[in-house]
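Only one chain is given next, in structure tokens, and it is the form predicted on its own.
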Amino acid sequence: MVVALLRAEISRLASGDRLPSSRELTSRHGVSPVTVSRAFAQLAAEGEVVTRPGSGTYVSPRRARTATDAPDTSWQAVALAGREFDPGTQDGPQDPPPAGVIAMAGGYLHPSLRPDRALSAALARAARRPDAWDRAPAAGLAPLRAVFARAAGGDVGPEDVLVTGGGQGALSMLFRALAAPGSPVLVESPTYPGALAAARAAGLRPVPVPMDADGIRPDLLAEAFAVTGARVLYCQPTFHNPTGTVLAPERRRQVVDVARAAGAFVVEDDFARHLGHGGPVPRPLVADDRDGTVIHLATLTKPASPSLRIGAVIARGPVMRRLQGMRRVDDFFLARPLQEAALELLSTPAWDRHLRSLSTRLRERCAVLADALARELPEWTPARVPTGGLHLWVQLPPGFDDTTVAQTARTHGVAVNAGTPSFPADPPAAYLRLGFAATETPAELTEGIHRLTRTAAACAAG
């Protein structure tokens, strides 16, 4: 509050003008001298004020910026030639929508769904550990690796786990480790846009493999491996993003067998394991893999907080040694305090209580959104009502363009994701991804669908 008040004061003053004293500000606003001192320190760090001991605090000199002050970076176009970077369309953190816009885009929980109190307590306990600021092992803290190994099941052990800075960073590392630039990588179609971005940034060529109601089709997967010579499949067998599909039991072994026959890796992105809506969750593919075909990705970011950048890669054999080598080159190790906080969180009953509560609340929100959609926009067809995850995947009627609908929806006060970025090639139809976890209340979801009815009318008329 004091910083905001001082900014307003500075905007009315000229360069070199003196600001009120700490004593005057303390009296005027009813705050402590420490609060005023911190506010001045922050503004000084930002270059807004200059403090002169024994004299006071003054507005920093301002210099009007002219066109000639703008840096000339045109030379970089030549320096970067041949080093193209194509991240595609990301699906990561986005700026909050403007006030009044209902958030049904993105892929993170609303703060009301997060275990913020448990996270804060875990971080505080972690900071009190005597070795909290020691260097962490390159592969991650041994107890945290053991937690991820137990969650994966089967005969996975801590030695098979590499702790990572969330799932997205792990994807980027894996694509660089598993395939040379220019190589094909097979992906479900549609798929997670962040995976497409990471693959393209690594110089890889995403190749679509069609899905049906039971997940990726093993027959077409085998054909894709044969035609392309790919050595990597990226897939999300459990609560697939964006469709919510769960790979059918009879296909789970088939997919691994097809990849094994092709001499290829299966990158299993298990981001949604803790986002089930209360029903059974199938075992990870890696739990039944004994020859290192499956590389498993796990994350705490989705069920906890965008800022708990903790995940894990589970792998066996030479590929794990390669990943460990890349860790030593890329960043040496992951910050220990964050790992300690994650371990504290996972070791308390509060985590299990949070997951049970989250499951119930996600199921309720999903039902509210599906009911509102069926009632107000029955021609907008969801592929299914998912049993896990954070989204509904909705096919639009003929004649609608998903990008136009998403842009128009913003003007009507609701943010949604267009489906096109989820496809590695031309989409077969127009889709939207509607999130039900980013709003503060379920009632906002009903209002969001009401606003989408106006969006649909506007697009149909235009």
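Numbers for residues come from their place in the sequence shown, where the first is 1. Computed from a predicted structure; not experimentally measured.
One more form of this protein should be noted, the form predicted in complex with a small molecule, which is absent from this view; the next part is about it.
Colleague: Thinking of the small molecule in the predicted complex, which stretch from 371-379, 167-175, 281-289, 206-214 has heavy atoms inside 4.5 Å of it?
Modeller: In short, 167-175.
Colleague: Can you check whether Y108 is within 4.5 Å of the small molecule in the predicted complex, heavy atom basis?
Modeller: Judged by the heavy-atom cut-off of 4.5 Å, Y108 is in contact with the small molecule in the predicted complex.
Colleague: Against the small molecule in the predicted complex, would R309 count as a contact residue? Criterion: heavy atoms within 4.5 Å.
Modeller: R309 belongs to the contact set for the small molecule.
Colleague: Since only the chain is shown here, I'm wondering whether D269 would be in contact with the small molecule in the predicted complex (any heavy atom pair within 4.5 Å).
Modeller: Contact with the small molecule, yes.
Colleague: Any chance Q254 has a heavy atom within 4.5 Å of the small molecule in the predicted complex?
Modeller: Close contact is absent here: in the predicted complex, Q254 is far from the small molecule, nothing within 4.5 Å, heavy atoms only.
Colleague: Would you check whether the small molecule, in the predicted complex, lies within 4.5 angstroms of a non-hydrogen atom from each of Y234, T299 and K302?
Modeller: Contact check passed for all of Y234, T299 and K302.
Colleague: Among the candidate residues Y192, F225, F265, F148, which is the single one with a non-hydrogen atom no more than 4.5 Å from the small molecule in the predicted complex?
Modeller: None of the others qualify; the residue that does is Y192.
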